[in-house]
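First comes one chain, alone, set out as structure tokens in the form predicted on its own.
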Amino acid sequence: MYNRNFKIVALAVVSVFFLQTFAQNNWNVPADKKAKNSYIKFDAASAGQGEAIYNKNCASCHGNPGKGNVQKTLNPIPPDLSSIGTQSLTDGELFYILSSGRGLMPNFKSMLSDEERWKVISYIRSFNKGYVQTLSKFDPNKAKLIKVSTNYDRKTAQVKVDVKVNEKSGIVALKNAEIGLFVTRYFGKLQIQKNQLTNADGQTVFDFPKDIPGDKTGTVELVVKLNDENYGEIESSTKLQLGVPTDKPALTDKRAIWGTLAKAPFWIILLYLAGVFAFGAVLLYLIFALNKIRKSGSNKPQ
């Protein structure tokens, strides 16, 4: 009786583990996303650029394709991207997975541009000798038709983003475009709320925090990142007085490690010069010693 119960419990635990692993690895990619193709030609150049991006962002978990050195301590274990399972996915599925992320896998949509993500896929496809690419008819130049306007409503403390398209038929609102709002900081961009979609009028609003520091006049740089299936990825920036006035010198105005040479800390400059002089002294000593050895050898009786 005990053995029977033990087997039932063990079977249940194993079943839950496999079901969980299957659920984590099974991506329900929408049909329209599956059919998406790259507008970038997959060749040796794009694969080479994709490899550099892959090594920086993906290799720590997925390892080197075909080498079997994936990070096996993770659950679920990341697949080897040269495997049949990965290569059987459509380009659209790979792009969706790379863009969306899930669980331990980051959302690379906010980290990598469309072009960078397609180049990563180009690198992944380079391990599939039977792969034949279907290029998208998407025209990246259509992004030039987009106009993004950003305004701040002080009464509601909201940032309003308005997106219009200058089509042949006239200026129309761009609806259902994904918008991300960011504030430029010293070491990157701070995202304000989550990404939102534009409404039928091509507009969306973000609640702006009241404690974001600006410069002396409260001016901050806002960056709008737009992503649309038909017009691609667009980034627009503008400066508005909606931050907290902060009368502090910029980090690059002070003597700091990340400053310019003129603003570098004195101790770093002295340490650097000391190192240069020490290296030069050692080099001169070695040259003198070698010359002395050469002379002593030439003075020996033959």
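From 1 onward, residues are counted along the sequence shown. Every value quoted in this text rests on a predicted model; they were computed, and no experiment measured them.
Not on display, but discussed next: the form predicted in complex with a small molecule.
- By the criterion of a heavy atom within 4.5 Å, residue 160 is excluded from the residues contacting the small molecule in the model of the complex.
- Within this chain, residue 60 lines the site of the small molecule in the model of the complex, having a heavy atom no more than 4.5 Å away.
- Put simply, residue 108 is close to the small molecule in the model of the complex: some heavy atom of it is within 4.5 Å.
- The small molecule in the model of the complex is not approached by residue 277, whose heavy atoms all lie more than 4.5 angstroms from it.
- The stretch that touches the small molecule in the model of the complex, counting heavy atoms within 4.5 Å, is 95-103, out of 179-187, 203-211, 132-140, 95-103.
- Here the marked residues 47, 66 and 70 all miss the small molecule in the model of the complex; none has a heavy atom within 4.5 angstroms.
- Among the residues 174, 226, 120, 222, the one placing a heavy atom within 4.5 Å of the small molecule in the model of the complex is 120.
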